[in-house]
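Presented below, as structure tokens, is a lone chain in the form predicted alone.
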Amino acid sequence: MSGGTYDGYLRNPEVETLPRDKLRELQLEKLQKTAFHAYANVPRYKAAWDAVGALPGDLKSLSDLAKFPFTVKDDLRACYPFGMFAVPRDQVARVHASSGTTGRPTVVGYAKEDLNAWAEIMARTLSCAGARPGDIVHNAFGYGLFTGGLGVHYGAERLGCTVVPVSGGMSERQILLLRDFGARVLCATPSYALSLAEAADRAGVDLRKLPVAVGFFGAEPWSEGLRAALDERWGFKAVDNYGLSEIIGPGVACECVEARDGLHGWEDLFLFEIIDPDTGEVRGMEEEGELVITTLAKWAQPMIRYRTRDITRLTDAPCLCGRTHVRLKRVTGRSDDMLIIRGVNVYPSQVESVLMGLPGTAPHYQLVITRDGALDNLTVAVEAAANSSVGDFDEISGNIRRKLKETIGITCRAVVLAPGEIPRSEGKAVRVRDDRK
């Protein structure tokens, strides 16, 4: 398969199209096995479950999982470094960890069978996004303790692709490699794909003439407006992938390239719940709330009812690609990233959705929070489009303030900057700068 033609390829058709009642039977069987394993080998689970009187043998149906307490990031930090492992340390083949910018890093361990399962689920994920055996995959995700780079790398190799393990940085060189190697798939954060587009402009390279047909993106929230901008700039299909290190890394869920309408969550390996973020009550299909995930096949470090803090909703409506696994709708924000500006709740992704549709602006912005007495103030800094003149900046600023007030209800200050003034990132973009301290 080449160019923008998609052939309905399925990596594992028997599993990917399994009827939903059979999926639920499989989930229950794996959940029971995982729960007994976690209870017997992770003291923190045993203590937490004993405290509420919930035992692995109580899991007679999937709905019984609601009786069990949640796992949160602080549990991993309290057990730092290896206290959440369910196997002896010498059976852990690899360790990844978060950056630890807000305290102790969260450590995750993988047994050999976990790494094998991760490579296979990433092969399925990449094929769902449009990658095919034989493709050249340009992997600009960071390597190291961050799970993105290695997760994509081994999945692409498992799929039968040729991997270019370039990681982040040296953007001009990356454009050269994309052009000369003929990669069909670009893997990166969406914000870094924008930086690469700027590097292509400086090098005089027309991205739309490159053979890149699929942009495989993740690791940060992004809007439909940004997707449209990437599609237009690169001439490919930008596809969203969802994952988090505490669960496995990338590959938890992915959009299909055919529909790009929600991310298929791989239910043979993960069990998904949506809860009210305030009460913890389980919500139904199509209801928005916080995503909770239980691993069903991670042996070294099972996660039971892990609160992701990501706000989304689930749908089991049929998808035109034929896959039966539940879909996660686009993550609108994180419950712990929500800003409260003079009594109005707002997520950064909501602001991005507004900015992407405004004329005269480029897809680079930053939200700056300051405090005046007891009140928080928001300044939205946005770069002007390359074809905008300084004389247009006041008009663009006024449009930003007016549109944000109309659509989200927030009053803010808007600052329009010249192209290149917003700091660029080779990994996750820093969209919010908190100056209240």
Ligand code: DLL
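Residues carry their position along the shown sequence, with the first being 1. Keep in mind that what you see is a predicted model, and the values were worked out from it rather than measured.
Another form exists, predicted together with the named molecule; not displayed. Remarks below refer to it.
Exactly one of the stretches 202-210, 358-366, 165-173, 303-311 approaches the named molecule in the model of the complex with heavy atoms within 4.5 Å, and it is 303-311.
Residue contact check for M84: none of its heavy atoms lie within 4.5 Å of the named molecule in the model of the complex.
The named molecule in the model of the complex is not approached by T295, whose heavy atoms all lie more than 4.5 angstroms from it. Contact annotation for Y154: none of its heavy atoms lies within 4.5 Å of the named molecule in the model of the complex. Taking non-hydrogen atoms only, E220 approaches the named molecule to within 4.5 angstroms in the model of the complex. Only one of Y110, W234, W266, Y242 comes within 4.5 Å of the named molecule in the model of the complex through a heavy atom, and that residue is Y242.
Residue-level contacts in the model of the complex: of P348, G289, G249, G215, one residue has a heavy atom within 4.5 Å of the named molecule, and it is G249. Residues of 132-153 that come within 4.5 Å of the named molecule in the model of the complex, judged by any heavy atom, are F141, F146, T147, G148 in sequence order.
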